[in-house]
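Only one chain is given next, in structure tokens, and it is the form predicted alone.
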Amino acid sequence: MDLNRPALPLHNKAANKTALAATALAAALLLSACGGGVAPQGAEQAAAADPSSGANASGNVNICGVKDASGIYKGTAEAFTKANGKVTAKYTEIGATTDEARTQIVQRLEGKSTECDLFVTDVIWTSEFASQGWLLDQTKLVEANKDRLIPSTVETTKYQDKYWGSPFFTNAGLIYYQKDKVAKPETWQQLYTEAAKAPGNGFVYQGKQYEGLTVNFLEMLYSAGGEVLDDQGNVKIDSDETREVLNFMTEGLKNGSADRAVLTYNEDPARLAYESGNFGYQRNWPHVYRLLNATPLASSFAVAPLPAWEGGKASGVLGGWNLAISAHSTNQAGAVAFIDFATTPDWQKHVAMDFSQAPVNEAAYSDPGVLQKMPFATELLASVKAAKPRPISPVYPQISQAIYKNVYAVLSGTASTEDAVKKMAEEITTAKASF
């Protein structure tokens, strides 16, 4: 998923229809919102995918989504077509960036277009799309395939006790560290202590005011036992754990554990800072491994799963992409067949070996071919298994914005921890009530 993008505005179903008609393009960009605990009528009545239908599927299946930079989508479609023999799959790019693809997907779903049978969806879109009744209910299909899927990845497809997609590939944060400078981190407290010991030991992460800061903060909050929303959707961010993590991150900037320049960093600047050799630790995504191996640091760094909070458990925040069947698909059986193929243990090995993505099948991580191409697979699996989804809500972008704006205010010194926590809780509550 692309973290370097702003939150998108809300789409309120109760909005004035005349105004929406006059701003059709804007409406397509807008997110849905749902403040209550009752599923919208469209979601309640959504049809369900039949797990057995894929065996007799035929015809054509069109999968739509973002620009296929790694070739994984087209490669999977071609391999499926060759292996299946009765269904021809095609991948159609409908956006050069994540936001563009999302806009195009929303336009098609709102317009009940039959062009796309399947959409490749960012894990944070599940609640929004499901709440509108735009997707086929995949609960039975996911349950039929659960033995091949890592449980944490399945949770990214869940909304109101049903599954609205199937995991395709996943993502979780890792710690890169200089073996000759610092120790492998077991806890966040140890990492920060090691980072402050000497110049050149410091920690770099994504601290810019954007989605990446939400993820970095939640990785610590979850590991400290905190949460944003509970299982019933109640706002729980106003907590001792939130205050503890914010104070810890702030103190790390003050004592030199983390360089203050992180307040300007997203993924690439953090990577480039670490590549300078002036830091001991870096928090980043798996794709950085390949890039680091092309630098002078190639032989000096190692990879570790995200550390635990002292006295708690390690917990990452899942990224990745899912396969969602359009409620308007004209070949739902073909879509089921494609999902069945894409999530098989055999194909999931190719997800890693051929396309350098993190599989959603646990067995793939111990495959010799995967380990040869992805030597850090064991560490990555540990991060994926310990990770959790971001807060599950149709208003997630507004929740994320409330988090990263207020976390940044504390880290940059423009707000106190207490004021920021109260404001964060108020803004999340307002977002949830906006539908």
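Counting begins at 1, following the sequence as shown. Quantities reported herein were computed from a predicted structural model and do not represent experimental measurements. Heads up, when I say rigid core I mean the largest set of C-alphas that superpose within 1.5 Å between the two forms.
What comes next is about the form predicted in complex with a small molecule, which is not displayed.
> Just to confirm, with a 4.5 Å cut-off on non-hydrogen atoms, which of Y210, F341, Y192, Y159 contacts the small molecule in the predicted complex?
Selected option: Y210.
> Scan I124, L323, A304, V245 and let me know which has any heavy atom within 4.5 Å of the small molecule in the predicted complex.
The residue in contact is I124.
> What I'd like checked is whether G65, V120 and S166 together line the small molecule in the predicted complex, meaning each has a non-hydrogen atom within 4.5 Å of it.
Checked in the predicted complex: no contact with the small molecule for any of the three.
> In the predicted complex, which of the stretches 256-264, 312-320, 102-110, 143-151 has residues with heavy atoms within 4.5 Å of the small molecule?
It is 312-320 that comes within 4.5 Å of the partner.
> Determine whether any heavy atom of S329 comes within 4.5 Å of a heavy atom of the small molecule in the predicted complex, and answer yes or no.
No, S329 stays farther than 4.5 Å from the small molecule in the predicted complex.
> Counting only non-hydrogen atoms and a 4.5 angstroms cut-off, does Y289 reach the small molecule in the predicted complex?
No, Y289 sits far enough from the small molecule in the predicted complex that none of its heavy atoms falls within 4.5 Å.
> Using a 4.5 Å heavy atom cut-off, state whether Q282 contacts the small molecule in the predicted complex.
It does not: once the small molecule is placed as it appears in the predicted complex, Q282 has no heavy atom within 4.5 Å of it.
> Closest heavy atom of V215 to the small molecule in the predicted complex, within 4.5 Å or not?
Yes, V215 is a contact residue.
> Taking the rigid core as reference, does R102 move its C-alpha 2 Å or further between the shown form and the other one?
Comparing the forms between the shown form and the other one, which are aligned on their rigid core, R102 does shift its C-alpha by 2 Å or more.
> For Y281, state whether the C-alpha moves by 2 Å or more between the shown form and the other one after rigid core superposition.
No; that C-alpha moves by less than 2 Å between the shown form and the other one.
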